[in-house]
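For reference, the chain that follows is the form predicted on its own, supplied as structure tokens.
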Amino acid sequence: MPVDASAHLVNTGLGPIYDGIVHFAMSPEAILPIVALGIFAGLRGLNHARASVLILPVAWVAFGLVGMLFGPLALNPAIESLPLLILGALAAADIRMPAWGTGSLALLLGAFEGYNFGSAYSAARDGFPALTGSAGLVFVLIAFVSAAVLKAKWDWTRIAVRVVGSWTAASGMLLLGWGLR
């Protein structure tokens, strides 16, 4: 009888909060959409950045708790590429939208990724402390990226961050191709 394997999760030996932090730090498929959202929110302005910084970590924890209750979903890996692809394309295109639209994107990203992380923590029995650790690093990442982009006042710096957004979209296309193979 096979037993459950938890090779994906990180065990630092420092406790579940640090395990959650390191798990998030070792997950580029979760980091890059947050970077793309931070770029997009920073390009759109202060109200967009504030909405993202406030909504994303809260949604991460709320839907992470839901994921801990219901467990992992059997999703095609190609679906995991969609946040990266969509947010990277929005950042590259620098599309105008109201602040509530950016907040909605933060809510959807926090729901999707938070659920995935919460369901993983329920399997490893790390629970709420690990979810809190990952949400703390999510808060720091979205705050730093959006603040750095808010400071980009010259045209060439705005173009440079849009290029980074296009690279994240390209990474999403690569992940989509990998998931569909």
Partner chain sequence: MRRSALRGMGLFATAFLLSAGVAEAHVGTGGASGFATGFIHPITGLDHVVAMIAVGLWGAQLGKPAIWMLPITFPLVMAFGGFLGLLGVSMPGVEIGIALSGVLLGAAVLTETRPPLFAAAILVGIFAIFHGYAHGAELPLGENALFFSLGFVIATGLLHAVGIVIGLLYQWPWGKNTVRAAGGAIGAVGAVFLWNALA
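Numbering follows the first chain given and starts at 1. Nothing here was measured: the structure is a model prediction, and the numbers come from that model.
Separately, the form predicted together with its partner chain exists; it is not shown, and the next lines address it.
When its partner chain is considered in the model of the complex, Ala92 lines it closely, a heavy atom lying within 4.5 Å. Among residues of the shown chain, Leu32 is one whose heavy atoms approach its partner chain to within 4.5 Å in the model of the complex. Residue contact check for Gly101: none of its heavy atoms lie within 4.5 Å of its partner chain in the model of the complex.
In the model of the complex, at least one heavy atom of Ala169 sits within 4.5 Å of its partner chain. Residues of 154-181 that come within 4.5 Å of its partner chain in the model of the complex, judged by any heavy atom, are Ile159, Arg162, Val163, Ser166, Trp167, Ala169, Ala170, Ser171, Met173, Leu174, Leu175, Leu176, Gly177, Trp178, Leu180, Arg181 in sequence order.
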